[in-house]
Structures are given as structure tokens and as C-alpha cells.
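Next up: a single chain in C-alpha cells, the form predicted alone.
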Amino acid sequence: MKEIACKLLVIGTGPGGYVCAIRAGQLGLDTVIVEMAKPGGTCLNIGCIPSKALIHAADDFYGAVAMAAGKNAMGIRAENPAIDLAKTMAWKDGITGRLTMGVSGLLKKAGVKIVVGRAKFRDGKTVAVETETGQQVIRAENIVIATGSAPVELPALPFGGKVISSTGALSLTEVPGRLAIVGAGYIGLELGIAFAKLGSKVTIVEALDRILPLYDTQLTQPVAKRLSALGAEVLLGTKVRGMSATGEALLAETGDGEEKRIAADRVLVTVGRRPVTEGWGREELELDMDGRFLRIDEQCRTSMRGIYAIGDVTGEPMLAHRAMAQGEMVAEIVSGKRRNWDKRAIPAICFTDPEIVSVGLSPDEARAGGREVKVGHFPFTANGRAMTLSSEEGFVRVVARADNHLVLGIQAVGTGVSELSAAFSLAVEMGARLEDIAATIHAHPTQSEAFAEASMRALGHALHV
């Protein structure tokens, strides 16, 4: 094949990679992007989007079951609800397919050349791609590594057979009668709650002494309460040992040495994700590492001139929108613009039931930094819109400096609070003060009013509580 030369080469079409390439193309940069699978990466194809589709389907089905049982407070009745999971998965695949085609179309519209195959560095300026028709060599002035992450596999529970990763869980065509989940982080709980609503008997095993360890207990208590209401069993402080000899049960051990035998039709392992730092020729480069991750500076530069890295391969938080922001910035830097990146206002969302949103610092994190803080807490039990949605569980919490009322962080837990994340992020990004939020007119009746009320409460004059 004829050798390709370009200004910018992006390796990986996940959220960070494709956004980087699109923005580069918009800026007139001669850009090539390499992908060995489908455009969109893990998030679009086997992560964020398909999991949210499954969660939505599970919510609708669970609501129908409640109606059939006469448990709907609004008096709505339904008869004989059923779930055809194969059809649900086909619907989900239709969504991801449309989005994949959309990404390809956007890349082409921006003038980006797409090369399908596995990329491997030869040196800091040259990459060879194994394609279906042979090897394609690409020389680039600048290269962006956006290789993403993959599920962590436990030695005692290798993937295969009954043991599945999140990818496998999002490809099931039948609802497991008994589902054991290893890991009580956001992936395990999002999928665990969804399958519990679909009818699985869910058991969650967690080595730590709490669920969702990245969030404080005030935020996670409503989720724990919901798990219990759904009949899910949560075993904390419990370590897995492997599968039984017959493969019918997951073997585990509690902190006090008690052995647990958990009958399971499927075992979903969700103990984290690892950066993909192998398989693309890292050994041919001199890249500094930060633990398991590629070390980058505030402009996503690696230790080698002209090589950038973005997304999950660069560390926590492993979030698609973080990767997108990094990718857009790198494209603009390569084009000659002055840019830097500030991660303080990145929202983290857990799509459990209820949902959790966190932006900036929690009260404990703010105090750990030596700050005196004001904290405003407003419950959805006092919010009219939440009542009409039958979703009164949860609250909005605002954390601000005590001296000048600068907002340091905002958290919420409740139904649909993910849609408040933009307002929370904007407040932190723009350096809002409690008075700014309290003085902003929030539409009534909406759940967003709880944001203003939490700020008012921190100032000492909440109106509705």
C-alpha cells in the first residue's frame, strides 16, 4: 500500500478519539484515525449507551409488573407483562448501530480519513496498521493515543462460560434466573439493579465494607435501600474464591471466615477496568508511566514530543466526557490554539436507581483540604415535581466555602438527577457563589428547584423546608 502522511493521527475511535479527529478536521488539519472495531469505542458499542438502553427497558418492565400487581399508586393497571430480552437487545443494537453510523458520517464530513485495522508503533512518528488488505504505514507529525480500557479479569474467575463481563451481560438474550455480581461499583450496581427489575435473583459480592466506594454514604444509602426493596442480596466484606467444581455456584468467604456458596446461572465480574497499554507497540516508545496509566501533563502531552494521550489510558476518572474534553483540546493545541484543561468540573454520574451525580468536592473532601464550609441540603420530599413523579427519594446538596460562599461541589441522589449534571457543572466551572444560584430563577415545578433551595438553605433561608 502507498504510505500515508498526515498532520495528526488518532489511534482509537472511542469518545475521545473520534471527537479529537472531528475537531481536528474542522480546524483544517490533515487527519487520519485508526480503529480495529466499530467507531464509537466501548462507550457507544458495549458500555454507556447499551447499558442505559437496558436500564430504561428494565424500568419500563418493572413499572408494568407493579401495575399488574395493583401496586401503582396512580391507579394504572396492566395485565400479564412479559419481557423478550432478545427483542430488547435487538432494539438496543439498533440504537448503537445508528450512533456508529453517525460517528462515521461525522468523521467523513470533517474530512478525516478512516483506516480500519490494528495499529502498532514503529517509532514516535510512524505507525503500521494491519488491515484486511495488507499493511498500511502512516507517518504523522502528531499522534494521539486513545486506546481506552478493558474489563479487569480475576484469576479465580476468568471470563468464559457462565462468567461474563459487562460486555457479555449486555449481549444476553435471556434473563438469568440467578445472577451473581462480583463488585459493587457503578457498573455492577447499574446492571444489577436492571436485572433485578427484569426478574433475576441478584446477589452482589463486594470485598470492601460498602457499596459505591467513590461516593459518600449519604449519597449511597438510598441506593442500598432500593437494592433491598428489589430483593437483591448484598454481601459486603466478602471475597470470591472461584466457581464450584460443578460450576453451579460462586464460592466466597466473608470477613469472619464464613464460606458462602452462591447459586448462579451467570456470574458477572465488575471489579474495574484496566487501561489498554499493550498491543499497540508501546515497547517501541519511551513513554513515562503513572502507575498503570500513561503519564500526561495538563495539555495531554506524554513524555515524547508530538505524542499525546487521552481518555481511559491516562487514568481516572474513566469517563467518556472527560475523554471528549481532552480530545477536543488536543486537536486545538495541534492546530496552534492556546488551550489547557481543568478537571475540577467533571461530573460523575451513577445510573443506579436512584441516580447519583457528583461534581467537585464533597463536604468531607472540602474539609480535608483545610476549608471551613457551608453545606446546604434539600430533600426531594419537599419538591412538588418529585412528588408528581413518585420519586421523592433523595436530595440535592451544595458545598461552598464559608467565607466567600464560592461553590466547591454539588451532589444529588434521586430519580432523573443525571439531567441536573449540566447545571451543577456549569456552576462549578463558572465559579458561582451560593447567592448566584439562589438568585437564579428556577422553573416551577421542576426538580431543579431543589438546587436553588439547597443554596438558600446553606445561606440560612430555605423557603420550602
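So that there is no doubt, residue numbering starts at 1 and follows the sequence shown. Computed from a prediction, not measured in an experiment: that's the story for all the values here.
Although it is not shown, the form predicted together with a small molecule is what the next lines describe.
Residue-level contacts in the predicted bound form: of Lys92, His321, Lys374, Arg266, one residue has a heavy atom within 4.5 Å of the small molecule, and it is His321. Interface residue among Ala438, Ala58, Cys43, Ala432, judged by heavy atoms within 4.5 Å of the small molecule in the predicted bound form: Cys43. Contact check for Lys38: a non-hydrogen atom falls within 4.5 Å of the small molecule in the predicted bound form. In the predicted bound form, Ser421 stays away from the small molecule, with no heavy atom inside 4.5 Å. When the small molecule is considered in the predicted bound form, Val34 lines it closely, a heavy atom lying within 4.5 Å. Under a 4.5 angstroms non-hydrogen atom cutoff, the small molecule in the predicted bound form lacks Leu250 among its neighbouring residues.
Stretch 274 to 282 is the answer when you ask which of 176 to 184, 274 to 282, 98 to 106, 228 to 236 has residues with heavy atoms within 4.5 Å of the small molecule in the predicted bound form.
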